[in-house]
Each structure stands twice: as C-alpha cells, then as structure tokens.
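Given next, in structure tokens, is a single chain: the form predicted on its own.
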C-alpha cells in the first residue's frame, strides 16, 4: 500500500480545481477514504484495490460512463467507457455493451522519464470525486526515477449540460525539475471487453482543430466518431499530430524550470450512429463549436445544480450516511438516459462489465422510484424503453409457447432474451450450470407493469399511458392468461414451475407467493386500464383491441383469475408461505454460521440451499413492501410483523443478494426496529464504497443505490401516498438530527424537512 505524506505543503501548489473545492467542517475517514458531505476523497493509493476504486470513481452524464482508471495508465487497469445502447454480439451471452475507445490517455514524460504511479516514488497523493459537480480530480507529488520532483493535478468530467462533450485537464508544476516536458493526448481505439475487441478501425486523421477517430462494431455495425483537441496555457508550445493506426495523438513539448507550471486541456466529443447518420462529422462539428475547458465546465456545473435541486437528500448528524446517499444517487443520475428512450439502466450501470450491460427487474422495482419522484422525465424515458422492446417480449412469449408479451429476464437493445442458457462452473472439471431464471423468473412482466402504474399514479401522464403504458400492461396481461393453470381439483388458478425473488430455490417451485400476488395485482390494474381507455379514449381502445386481439371475454377471464388465483396465505397464523411446501423444507439457524465469509449457497451448494429454509433475498417480505403503499392484501402491520419474525432470520442478508439490505431497512423501520433498520441501511449504503461484498470491481450495484433512496423516503421518512398527497410519519435513526428531501406528486413538489425533535407534515 502506498501512503500519502502530509499534504499541507503539497497543496501550496495551485490546483486549477481548488477554487471549486467544497470546504467541509466535518469529515469521516473509512476504507482509505475521507467522507465529507459532498466529496469522496481517497488519501492513499493501494494497487490491490485498483479495480474496486476504478468502479467507485466512475463518472458519466446519462449518455456514457467512464471508469476511474488513470489518464497515464497502470498495469492491469480495466479502463472502460460504456455508451448506452452500443451493444455487440459476443459468444455465449448473446450481446454486451462494447467497451468504447478510451478518451482519457495523457502520457507525460520528464526528460524522457514517463510519469506512472508504478514508477518513481509517490510523495503525496489525493483523489477526489466532487458529487456536486461530477468532477473527478487527482493530485500527485511525484519523484521521478532520476530524482526530480513535480506536482501533477488532473481533473476530468463528462458534461451533464452536453452529453457529447468531455473534458480532461492536467496542471504540471515543477518543484526542482529542469528540462523538457512532453504531453501526448491520444484517443485509444483498441479498448477491449476483457480480451474481446468489439471494434474494427475505419479511419482517423487530423482536423482543425485536433484529431479524430472512426470505428465500427464488428457485428451490430454501430459506428462511433470521436474527436479531441489539446490546448496549452501558461507556456509557449507547438502542437503536433501523429497518426499511429488506431491511436491518433496530439503532442506538445514545453521547457519547464523550478517553480514554473503548465496547464493542458483536452476536450473530447463523441457520437454514435444510434443518434446521427454521420457520427464522425458530428463529432468534428461539435468539437469546433465547443467553448474552452473552463466555460464547458461551468455549463456542466449549472446542469448539476439544477439536477441536485430536485434530487438531493440532506442528512444531519451522520456524515457517512450523508455522503453515502449522495454518492449512490450520483451513480444513478450519471447512468440515467436523458435524451434516449430506447435504453435503460443496467444492473451494473455504465460502470463495469458485470451482467454485460443487461437490464433486469432491478430497474423497475428498485431504481425507477427515485426517478419517478424526483426526475419523472427520466423515468418516462426508461419506461418507454420497455415499450420499444415489446416485440422482443412477444417473441419470447411465442417461442415459449405463450401468447402476449413476456419480458426477458435479461434485456438488451431489442428486448429479446439475452440471459445465457449455461454458465461455466468454477471447478474446471465440473459440469456447466443451467441458468433457469431466463425460463422461470417470470415475475418481471408484472414488475414492469408495477412501475408503469406507479409512474402514472405519480405523474398523471395520461398521454403516455394512452400511447405507451396501456399496451404494455394489457399485452403482458394477455401473457398471464396463457401462463396460469387451472387446478380443477381445487378449483383455483395456479402458476407452476417458477423462480420467485429468492433465487436459492429454482426447481419444482409452484405458487410462489411473490409471483402469484404480483400477477393478481397486475391483472387488477389491467382491468382498470382497459376500462379507463374505453371511457376516455375509445378510438385508442379500439385500435389496441384490434392490435392485441383483445375482447371483453379476455377482460372477464382476467377478473376470474384475479378472483381465484391461489395465494398461499394462512389467515390463522398470518404467515404467507413463500411457495407450496416451503414450510416443509429443512429449517436452518443462520446464527450457527455467524463467522462465515461466503453466501449460504456457496457453503451448502446449490442443491443444499434449495432443500433448506434459507433465502438469498427477501421474497415474501419484498411482496409486503410492494403492497404496503396502498395497504392492499396481504399487507397489514400485524402481517408484516409475523412474517418478518419468520423470514428475516432465514434470509442470507449479508452474503446473499445486494438487493436485500435496503428492503429490510424499510420494513425494520416500519416495525420500529431502529438498530436493525440502520444497520441494514448502512450495509446497502456502503456496498460499493467499502466493497462490502468483494465484487464492486465489476460495477456499481444499481439496485442497491435505488433501494437506499427508498429506505430513506419510505422507511426512515415513513412517507405514505394518499389522494391528498404524500404524508410522512418519520422513524429517524437515533443519531440523525434531520432528514430533508423533495418528492414530485401530481404536478406539485412536496418538501419534507423531518427533524429528530419535531415531526412536521410536508410543506
């Protein structure tokens, strides 16, 4: 581990970003970080944490995301820039987001000695992510192998004001160095997805100003155009262009003496053929139009200020929680498509290669609520993505022998199922592992309907429901007619051979309570939408009936299923059985495994876990949360208490799924289990910052980010939605003095300012 020395002298060297630094009165140090209420600060460089920190320091702007790799490079670094919708075919897993050309490279040499953190000596080091403005900066005091000392101050941002504009700045200051400094600013066209290069080179060249690079994906044939210009200030210097194939470069050389500084700015533009017919021309035109780096950054700051005005959450009394919530929301905001309704947020955002950029139910159930209540236009974009992928959902239903639309468990650009059928075993001599969720985890169709209904209830966006949402809800309701089964013996409808929210149990699972109740709820709402469309937009209703071949007979069938779909609920005990026969499985006491560092499935094996009453993540409890908002069956506080007491101790909350802790925090707050609620909240809050699960290197846990916001608002804030608007009954943790946030509800903004010593209603 490389530790920073005292930074007091180090910061006497002017930093071009210092005037923008937020001054804090309180800080907390954790996991080699310092937390302030708006900044995440890394105080030492540890090569062993290289990939984790690359994820943590991801920046983006809703169009692309770039991992926090170093501008100068580092051995075994996983540099990646992922752009929404830029998918390309790959063996086994169908398709994945292609790692785009790297826009960051700055190679700096001092009298021929190349600056890198694995060479020379680090005398002082600090890396800072300013959440208020999306600026990532790094300050290094470095002694070269020959003994010269210099300060380097880097910063970068992806403009939230103009999603096609990116900026990199480096100020180089000599302490005792005398000689030539050479800076090479490049575009790297050879980026790979862990050994697989999706790009073929098309062309490159010199422009006025700068350089440009044109590439194309090998199979999907998406073209990308990138252009860059380098400017130098505080020194006289010429700029030359070299055209190494796939690596166009601008080079400048300056003479530096002790006490002197030079600043280089690299401004980059990027377009793909998903947005424009000629991306390289668009990139060059945009580059010529863009202002200088400082003005570009000011526009970015203004855009972030407007975004945080709606989305910020204030926590007083707990600096770690304050930084964590802003960090998690930042990571959601930078991957939310602002101008594209044909993409959505993937399980690992745009921050890593985990899950290949595929979209899961995480988006609708965990992530979208934050956007629905704070940035509804972005929520609308992501829901419209589901509309554009309906044909893929229809193909999946047809291929599976069903009618209507059946959403893919993993979705990419077309909506066709892209979940791999098989996974490779960890044992090189073991058999391949069949992935059943693509076939059996069908609750996602109801989850999408749930998010659409919530969006409609919050926004009253009747036009979107008429033109988009209704078709999704109704065609997926048609699917359920063909998927449910009639049990003539017991005179009830059932749904057999499924996987619920809990993925430790995937074989012979019938009548999963989560799935069945979500389907029942879905059909209840489909009937309401069907009737609403007929009452208010009869022409649209007629067109949709013809397109989907809907009749009043199907509406009656929906109602029959609603009335007779089996929900395994015992009114005497108040317990909901997770699925038929769950209570007959071997019980388990997780307290006997307190010293473990693995999931229960790793310890017991897949078959062993499936035979026991152990859960990967909340299933029945998740259902109770989703039904909580409207107090619908089977929710009641008494039912929650009984099922919490049964299922919470059996949930692998620490090493199971990252989706669980935030949900447990909400329900524990409902039950006034303050200590438990706070513990689970912080577990979710730190899943990436402190690499709680040891897998943050593959990307941000997006669902946990979204669940964390819900835990704050609906758990600790105790917000309930009524016809008169949202109201709050707060359950603040003991150390919190204040919780403040805004919610959008039916055309109005409601500000909640909840304090430990008073509980005022919404303003």
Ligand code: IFM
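Residue numbers count along the first chain shown, from 1. Model, not experiment: these values are computed from the prediction.
What comes next is about the form predicted in complex with the ligand, which does not appear here.
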Notebook entry, point to check: With a 4.5 Å heavy atom cut-off, would you call residue 198 a contact of the ligand in the model of the complex?
Noted result: no
Next item on the list: Please run the contact check for residue 503 against the ligand in the model of the complex: heavy atoms, 4.5 angstroms, yes or no?
Entry: yes
Next item on the list: Verify the contact flag for residue 171: yes if a non-hydrogen atom of it lies within 4.5 Å of a non-hydrogen atom of the ligand in the model of the complex, no if not.
Entry: no
Next item on the list: Answer for residue 657 alone: is it within 4.5 Å of the ligand in the model of the complex, judged on heavy atom distances?
Entry: yes
Check: Want to guess which of 612 to 620, 272 to 280, 578 to 586, 633 to 641 is within 4.5 Å of the ligand in the model of the complex, heavy atoms only?
Finding: 612 to 620
Item checked: Single option in 558, 154, 409, 370 placed near the ligand in the model of the complex, where near means a heavy atom within 4.5 Å -> 409
Notebook entry, point to check: Here the chain is shown alone; which of 362, 88, 652, 417 has a heavy atom within 4.5 Å of the ligand in the model of the complex?
Noted result: 362
